[in-house]
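Take a look at this single chain, the form predicted on its own, given in structure tokens.
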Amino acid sequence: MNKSDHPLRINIRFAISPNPLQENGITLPIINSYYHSKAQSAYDKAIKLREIGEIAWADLPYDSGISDLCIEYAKQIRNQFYHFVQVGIGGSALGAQAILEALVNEVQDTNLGLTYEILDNIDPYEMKKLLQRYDLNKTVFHIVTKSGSTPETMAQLFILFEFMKQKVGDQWRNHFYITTDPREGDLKKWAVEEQLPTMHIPPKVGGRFSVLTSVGLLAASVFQLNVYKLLNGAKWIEKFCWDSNIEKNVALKLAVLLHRFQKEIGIQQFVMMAYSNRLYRLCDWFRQLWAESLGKRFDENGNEIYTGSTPIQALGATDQHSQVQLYIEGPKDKLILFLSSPFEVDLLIPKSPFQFETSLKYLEKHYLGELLLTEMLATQIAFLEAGRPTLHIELNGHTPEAIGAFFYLWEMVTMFAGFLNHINPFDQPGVEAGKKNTAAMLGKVGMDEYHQKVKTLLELNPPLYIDE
């Protein structure tokens, strides 16, 4: 998978020993053989789950029906509206935002006459600003929640419904498209009652693994991105991620490498650093996938293990001037993954306007993108000199194929990493605890036990301000 025409490549040269400067490197023989039995067990488990339909997200690249429906609805949206707003949180928002920011360019946006917004938080200031900024007659809302009862998203829906009812009366139905569970949930029930255009997240596809459903594909279709190419990118890497020869299985090999860094070298923080503003949201999407899947208190047998490496997003070259100092000279507990792509456009750095001799002459006649990617390589070398391991994912352009391959790769790596740690990468009990406490505090019926627990904890821990 090293050919230049492939959607992406994974470069591990600065994480592998022997290298006299790389004290934390791992040799290729270790990756290929040391964890062979453990890797085989993880692979066998994944195969079994796929065969019985428990990880349906793995087959999404082959579900063209989802794409067809998204394209159909997108045509309706473009014919009626100027503003597209996706309302969701976590996995219901991050994938769509990553796709749009990576692939919708300024020219395309202008030609279509469309704008987009991802409403992924319940900050009332941002909500009010959106409602004031857009012409609601020309605005469509894509409401996304797998459960159909996510409190943040449903609260936003209630507000949007009220505003739209006041603004357009009975025509409000034209302004809402729904993505939710196909069988149950309050949102599904309401969508059926009101006959709203509805798309479904297939059963056994968790929210953070749903980017290749209408969660991500409707937004892509609205902006006339080729969703079939997105799926083709996922299909391309799928064969490398399911290779039965585990020494050639790209996703499993990468998961083993990351697992060994965490368990045997003490890497506890995983930094994904994009050298392109347009790729930054991919890091955001990855951060949720990795953290929510792998940060677990218990293993599959109920033993307390408190496992998980903390994902951090960074932007080059910006964070060379804010974070890199810590990463190079601080605790040796971080692995850096650089993410880059060739630039579609570039700007020539002209001759200096200074009339005096300047030390900046070396910049002249180079390109801005060339400078940025040179800084990336120079930073990698600085990490190498400091004995800090790095990886590099090179996308072969800002293309749907590359983005689709990126999504599928990390979903697979995350699953394998979970199995190597003997945890369930598909649940999120820590998140559920906060949801239950919130519901109890707001007076949800049937939550008396949680309400009393919260009340007792607050009484035992009254406010204590540092200035008192």
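Start at 1 with the first residue shown and count on from there. Just so we're clear, the structure is a prediction, and the values are computed from it rather than from any experiment.
From this point on, the text means the form predicted in complex with a small molecule, which you will not see here.
This chain appears without its partner; in the predicted complex, the one residue of 308, 311, 316, 90 with a heavy atom within 4.5 Å of the small molecule is 90. Of the candidates 268, 115, 232, 147, 147 is the one whose heavy atoms come within 4.5 Å of the small molecule in the predicted complex; the others do not. Residue contact with the small molecule in the predicted complex: residue 428 places a heavy atom within 4.5 Å of it.
Taking non-hydrogen atoms only, residue 288 approaches the small molecule to within 4.5 angstroms in the predicted complex. Heavy atoms of residue 208 reach within 4.5 Å of the small molecule in the predicted complex, making it an interface residue. Heavy atoms of residue 292 reach within 4.5 Å of the small molecule in the predicted complex, making it an interface residue.
Residue heavy atoms within 4.5 Å of the small molecule in the predicted complex occur in exactly one stretch of 82-90, 374-382, 392-400, 190-198, and that stretch is 82-90.
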